[in-house]
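One chain follows as structure tokens, the form predicted on its own.
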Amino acid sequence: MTAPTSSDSGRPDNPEYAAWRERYDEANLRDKPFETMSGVPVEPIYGDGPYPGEYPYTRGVYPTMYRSRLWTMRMFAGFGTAEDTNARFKDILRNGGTGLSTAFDMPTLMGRDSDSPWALGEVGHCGVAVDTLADMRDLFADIDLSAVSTSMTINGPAAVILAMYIAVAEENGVTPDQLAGTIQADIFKEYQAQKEYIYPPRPSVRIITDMIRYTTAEMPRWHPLSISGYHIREAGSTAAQELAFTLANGFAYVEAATAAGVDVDEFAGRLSFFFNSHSDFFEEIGKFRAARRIWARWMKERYGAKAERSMLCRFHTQTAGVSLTAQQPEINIARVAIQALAGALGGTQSLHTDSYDEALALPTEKAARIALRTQQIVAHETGAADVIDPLGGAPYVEWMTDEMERQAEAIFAHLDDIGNGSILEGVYAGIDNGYFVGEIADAAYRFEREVNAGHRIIVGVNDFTDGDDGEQHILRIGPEAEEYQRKRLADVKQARDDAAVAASLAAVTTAAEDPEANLMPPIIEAVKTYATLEEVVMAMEKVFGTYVEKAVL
């Protein structure tokens, strides 16, 4: 018997494949042999089309995928003071991280300064404290913002944080058009799951559309909105709910931006998504594949997108924090590795791997390094990055992809119905009537009952509980971080020009009162005067008010 050669190995010899190979750019491939550990050459793709980079992009958004460029290894970091986090950023970059992802503390997330009574005991605990431009300057000190991609996870005050980032870059000679990265800004999922909102939904969406308009004109490398299913899943949703609610929120933002006069093809190509990679391996892969297919079809058929880039569902993935256990925390390394592999096989564009100790505290430097090394093992040792969509065509994976799509479409139909033909209005209605909160709560309750009944095993929690649960070395944020931050803020306030601050804040309020004005320019000018995060937030609050969630029983 003659041994099969690479050309016999399942590669389809048909016109569609030949056309795809013309788009597969051999010149830009990574410099490595694409072969197994035993030296067997592997083809870029196996099975039938549509192929990667072809509508509806089920098998990948780019023709070469990881053969030309690995996913961005974006590690989440943020704790204590800006100087503390800056040191962690530099450690991540030294150890092979290729992008920065910034976590902010709870007062910053809620639009409050470190000297606010609301901030007492929370400064620097779940992320970095950023009150003024001085903090943002220290956060990115000695980091070339023209050369690094930065992600910032913040929503209610996202416009203020983006303004500070722009101002710091300009101080270092980096213009807005040179900046690459993402600011989350997704406010819908806050009302649905995470609850870190400030203003009511409609004025919040106005702020987001202003950010989209500004970045479309000034920041071509920037993603002004990362539509996030991660927090929806962490709150207890199913995979299908995460998929559907996230994409529905994306459709809603598209409707809002086009209603504000922005052509869909001018901005949709710079929207990005953020998904959770949970423990049900094949369900997660099916979810990722379905997301690409659904987004492409809706953008083309419903929203009239013509540019290919507008139809690409490009997404960041983070492993499931909610799956991590405080019991036997070291076994979280195995959970994270499996979830990371699902993200890679699902075709993510960037990936964050949780640290094994995050169920206990913010990650230690050692734990964060292990998490990064986990990604590097998946990328360089498993072969998962050598073949595009390697599970494509497998009956179970294809069925799961179809099933995720079917369940998502049923949810879209409901939102379309309650929105009278508008997904945007359907999302507003679903927030108002408690639909999203109720669906997530029901899913979380069902899962918890299964765990409590022993029908679903969580290793180390309700079975296989014998193990070393001795005291772990964890990162502790002491009161000195809050004391330092409060003093620093007081010093900034003492040194600034109060008249300039007052005038700049008045300009923000005036812009908020004018629905035709764009809020970003006056916010940028305000932060340059060292107006604080809370002061800028309050300047808009005078016009927009605050949101109080309705009780859902």
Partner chain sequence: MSQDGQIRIILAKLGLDGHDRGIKVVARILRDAGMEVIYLGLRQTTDSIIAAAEQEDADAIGLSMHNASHMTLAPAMVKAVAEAELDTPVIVGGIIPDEDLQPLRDAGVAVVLGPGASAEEVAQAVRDAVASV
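Residue numbers count along the first chain shown, from 1. It should be emphasised that the depicted structure is a prediction, and the values quoted were computed from it without experimental measurement.
The protein also exists as the form predicted together with the partner chain; that form is not presented, and the subsequent description refers to it.
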Contact label in the predicted complex: residue 307 to the partner chain, heavy atom within 4.5 Å: no
Exercise: residue 464 in contact with the partner chain in the predicted complex, heavy atom 4.5 Å: no
In the predicted complex, residue 156 touching the partner chain (heavy atom, 4.5 Å): no
Partner contact for residue 234 in the predicted complex: the partner chain, 4.5 angstroms, heavy atom: yes
Segment assignment from 372-380, 116-124, 405-413, 164-172: heavy atom within 4.5 Å of the partner chain in the predicted complex: 116-124
Every residue of 209, 219 and 509 near the partner chain in the predicted complex, heavy atom within 4.5 Å: no
The single option of 455, 202, 94, 476 touching the partner chain in the predicted complex, heavy atom within 4.5 Å: 476
One residue of 266, 442, 432, 283 in contact with the partner chain, assessed in the predicted complex (non-hydrogen atom, 4.5 angstroms): 442
Residues from 316-336 in contact with the partner chain (non-hydrogen atom within 4.5 Å) in the predicted complex: 322, 326, 327
